[in-house]
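A single chain comes next, written as structure tokens; it is the form predicted on its own.
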Amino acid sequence: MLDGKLLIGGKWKTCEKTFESLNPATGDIIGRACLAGSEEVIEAVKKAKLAQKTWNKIDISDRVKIFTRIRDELLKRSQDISNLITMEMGRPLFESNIEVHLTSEMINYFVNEGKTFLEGDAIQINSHNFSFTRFEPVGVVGIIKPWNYPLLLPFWAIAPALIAGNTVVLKPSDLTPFVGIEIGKICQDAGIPDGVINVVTGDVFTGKSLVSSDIDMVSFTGSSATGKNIMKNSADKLHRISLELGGSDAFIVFKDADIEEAINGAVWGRFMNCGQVCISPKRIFVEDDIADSFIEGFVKKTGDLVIGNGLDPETDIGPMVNMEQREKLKLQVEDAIRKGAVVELGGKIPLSLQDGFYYEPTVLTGVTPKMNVMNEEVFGPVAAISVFENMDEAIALANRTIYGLGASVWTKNLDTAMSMSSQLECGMVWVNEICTLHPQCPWCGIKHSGMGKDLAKYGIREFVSIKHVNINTGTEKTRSWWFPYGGR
């Protein structure tokens, strides 16, 4: 059984209260992690503030070298980390391996490009006056990240924040605390100075303590409701905030699309990670001429997916992360059925898998805007399929949501694709593709899907302040706009 401690100021510490981390495939206890209270959080922030004064003075080239070692440490223990991810949150081992690979790729990107992205601009005003900008670290960043990508999402913030000269206090999800602890160990083993990264495991109250502490910025990924609370709690101190929140992405298929490709993309996009992905296509819209054939193919493809323990290499879909998430999904499906939706497949807990938190991949048709599956974020293996008649209707249906994270358009007509991409209200649009992630491209949402950006040059600049410096080299003793105004 794993024993979790807090990383504060370079030292691993125990605490009086602990909580259990469970394997969602079996319900077994993986280990007990520290339940950090406000005192531990305040101590971690103090250590981070102290370390930041020195860390910021280290040349950026040297900070980058440390992340080269962090990347190497991550790859060195990749299999153990993949196993830990699967044990803590249930997803197939194949997907956990991908998460480790994506994380190393992202770190490598900031290793290669971070220094360039933090170079300011020179601005020539006239012959004797010029300005320049410089990027300076914000200070201490409180990082609060979810369980569905417990390695990748923390490092999305940790890598650019630290390379930019900040220090961090990471609060991982209480459902995946040991992945968060492993992040601290990787950074320590790579030789990061004491206090530059601190890890405080705990529950929602631990997160609230971090938000209300003396940090300078909050980087949060999670639900829209929690993001709003963070905004409220940060208002008094005017913390900078970066929020990547929920989504209810549209997947729009036109009649000229490659139907087989669209079906394959929709099935993977909707059911990867057991449907527990903010950017996954939760509302599928299909043009009426091809609706029957698309639904038939989608249902068949979904029915072939293998449900089981993520450690089994044959598994396509693992369990949901916990009982609470499954119960919420179950209520959303029941609401849809009660209001007239048709269950084409699934819709229940599999009888053969009673020990863990499993739910059958489910396909609903006949859904309407009155149903919760069309209005709320559906964080589980449920696909809701609707039919549209023309582009205008598709746009109206897709934009009928408070969320604005991503969308996916499937068509062979480039004009259609470009028109849709300009009219869809979201931060990202894929055309004949779904949920691809490239570190050189920004990851962002609008509306209730958040504010701020991850990845690319925009992501690292979330963690800096821009300073403008103006220099005059002329010899004039006064200026025409200075006193006196009356020409005396």
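In this text, residue numbers run from 1 along the sequence as written. Please read all numbers here as calculations on a predicted model, not as lab measurements.
Just so it is clear, the following notes concern the form predicted in complex with ligand NAD, a form of the same protein that is not shown.
- Contact annotation: ligand NAD lies within 4.5 Å of heavy atoms from the stretch 218-226 in the model of the complex, the single such stretch among 218-226, 345-353, 360-368, 407-415.
- Across the proposed site, Ile70, Pro154 and Asp194 without exception lack any heavy atom within 4.5 Å of ligand NAD in the model of the complex.
- For the chain shown alone, Asp203 is a contact residue for ligand NAD in the model of the complex, at least one non-hydrogen atom being within 4.5 angstroms.
- Although the partner is absent here, Cys278 is a contact residue: one of its heavy atoms lies within 4.5 angstroms of ligand NAD in the model of the complex.
- Among heavy atoms of Pro146, some come within 4.5 Å of ligand NAD in the model of the complex.
- Looking at Lys208, you'd find a heavy atom of it within 4.5 angstroms of ligand NAD in the model of the complex.
- Contact with ligand NAD in the model of the complex, judged by any heavy atom within 4.5 Å, is made by just one of Ile107, Ile158, Leu245, Val373: Leu245.
- For the candidate set Glu113, Glu136, Asp174, Asp316, a heavy atom within 4.5 Å of ligand NAD in the model of the complex is found for exactly one residue, namely Asp174.
- With contact defined as any non-hydrogen atom lying within 4.5 angstroms of ligand NAD in the model of the complex, the contacting residues in 366-382 are Glu377, Phe379, given in sequence order.
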